[in-house]
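Shown here is one chain on its own, the form predicted on its own, set out as structure tokens.
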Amino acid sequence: MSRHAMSARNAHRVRALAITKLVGASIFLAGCAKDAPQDVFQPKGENAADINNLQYMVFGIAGVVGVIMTVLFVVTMTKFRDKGQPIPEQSHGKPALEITLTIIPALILSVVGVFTFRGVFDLAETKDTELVINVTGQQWWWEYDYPVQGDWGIDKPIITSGQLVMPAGTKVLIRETSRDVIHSYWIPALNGKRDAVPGRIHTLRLHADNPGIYAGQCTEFCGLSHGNMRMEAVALSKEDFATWVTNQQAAYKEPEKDSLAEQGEAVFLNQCVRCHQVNGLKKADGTAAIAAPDENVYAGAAPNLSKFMSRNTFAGATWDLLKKDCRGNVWDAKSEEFGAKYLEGVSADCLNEVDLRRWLRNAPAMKPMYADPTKLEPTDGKYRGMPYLALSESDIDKLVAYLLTLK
């Protein structure tokens, strides 16, 4: 090979190595972020800490093996590069070396396996849980049902959505299922993921060390808006959780007479109550207004909007009910202040009216629900998600005023 050809070949290798380093650095830096609420390396509870300890051990062992193999690869490629020399001595047929190279990986995998099995069984433990919450997934939001539990002051069932509220420092039993397809519940700061499967109940234990908001995401592809199917766990002190329970069970308060909110209540009864329940809401004749989502929604349920403004999010936790600044005041609050700020709910000054109005104006345009986004009517007689209601701007004004009273 000529000197010019060798020079060109070396230059090519240098460029390839530089590109490889650049790509590797880019991939590494892409995983760095200051604001990463779903970072698996930031556990905020006992279960997540167990997972984190296990993954650090596994990544540590894998890192050491990776370094050794990389060094051996580089040495081999450099020392034994074809320079016209005789073929090096072959290691085939040396039982001692082959057995050693079999036993070492087996021992490493055995150690990893022992700790992994132990971790799996520890995470599956539910006998030590103190509070039960039923979690049901459907396209594309999560419902939270708190059955009667006298020890926690829950005298009648509480049904909410978007945000799971739980006491901090308490092991909570999550009982998961689904109404339509397979979903997967995952709040990385509190535990690993667990599938929600139709016709089955899977259990998961959540534990938060301190009060705060912990973000999560559905991790099983479940349709057009899978990426918009989010969730948040809100951990409150036990005293603040008791306050939240009391508020959720409080009686319905009718809007003030002759107010815009009262007109909004009429719009809600005319349009929204077909799918959405508000506990305590009555029709004009004094009878209870009972939603019938099974007649209108494919999965047979829609979010219960009782105490709607006591939450921070809407539409499957896809959008914030609070403006950015107000949301930050809650999200970034110190542990001792967090409960009070969260329990304030959403006021007119902090309401994210822009996104809420857009949602009421044309929900399917904001969150894909049909295979054909131009199709506003279902072909099977039932909707997947929130339909287009053709509300007037006046009706939207009234509805916003009414929703603000639900807290």
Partner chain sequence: MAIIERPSTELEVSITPSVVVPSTTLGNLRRPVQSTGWKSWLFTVDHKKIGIMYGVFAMIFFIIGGVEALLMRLQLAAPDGKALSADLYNQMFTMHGTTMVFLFAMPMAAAFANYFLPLQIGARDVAFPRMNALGLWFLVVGGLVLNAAWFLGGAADGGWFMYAPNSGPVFSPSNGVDFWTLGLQIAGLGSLIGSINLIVTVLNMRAPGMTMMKLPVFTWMILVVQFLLVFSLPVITVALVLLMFQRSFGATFFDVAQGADPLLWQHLFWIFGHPEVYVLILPAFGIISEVLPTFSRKPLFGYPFVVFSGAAIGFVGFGVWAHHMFAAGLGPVSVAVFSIATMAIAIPTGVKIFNWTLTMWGGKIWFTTAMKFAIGLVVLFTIGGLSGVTHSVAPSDTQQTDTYYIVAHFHYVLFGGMVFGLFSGFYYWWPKMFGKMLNERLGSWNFWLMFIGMNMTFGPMHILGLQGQPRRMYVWTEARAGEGFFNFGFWNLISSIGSFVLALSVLLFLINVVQTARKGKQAPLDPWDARTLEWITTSPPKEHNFDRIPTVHHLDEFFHRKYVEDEATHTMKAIATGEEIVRNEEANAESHIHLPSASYWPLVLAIGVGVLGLGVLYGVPIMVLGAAIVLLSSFGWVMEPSVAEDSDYDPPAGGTSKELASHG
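Everything numeric in this text was worked out from a predicted model, so none of it was measured. Numbering follows the first chain given and starts at 1.
There is another form of the same protein, the form predicted together with its partner chain; it is not shown, and what comes next is about it.
Partner contact region in the predicted complex: 112-120, out of 241-249, 112-120, 333-341, 263-271, criterion any non-hydrogen atom within 4.5 Å of its partner chain. Its partner chain is not drawn, but in the predicted complex it has no heavy atom within 4.5 Å of Asp285. Not displayed here, its partner chain is approached by Gly227 to within 4.5 Å at the level of heavy atoms in the predicted complex.
In the predicted complex, its partner chain sits within 4.5 Å of a heavy atom belonging to Trp186.
A residue is said to contact a partner when one of its heavy atoms sits within 4.5 Å of a partner heavy atom; Lys253 fails this definition for its partner chain in the predicted complex, lying far away. Shown without its partner, this chain lists Thr170, Ser237, Thr219, Asn329 as candidates; in the predicted complex, only Thr219 has a non-hydrogen atom within 4.5 angstroms of its partner chain. Residues Leu123, Ala124, Gln139 are the ones in 123-144 with at least one heavy atom within 4.5 Å of its partner chain in the predicted complex, listed in sequence order.
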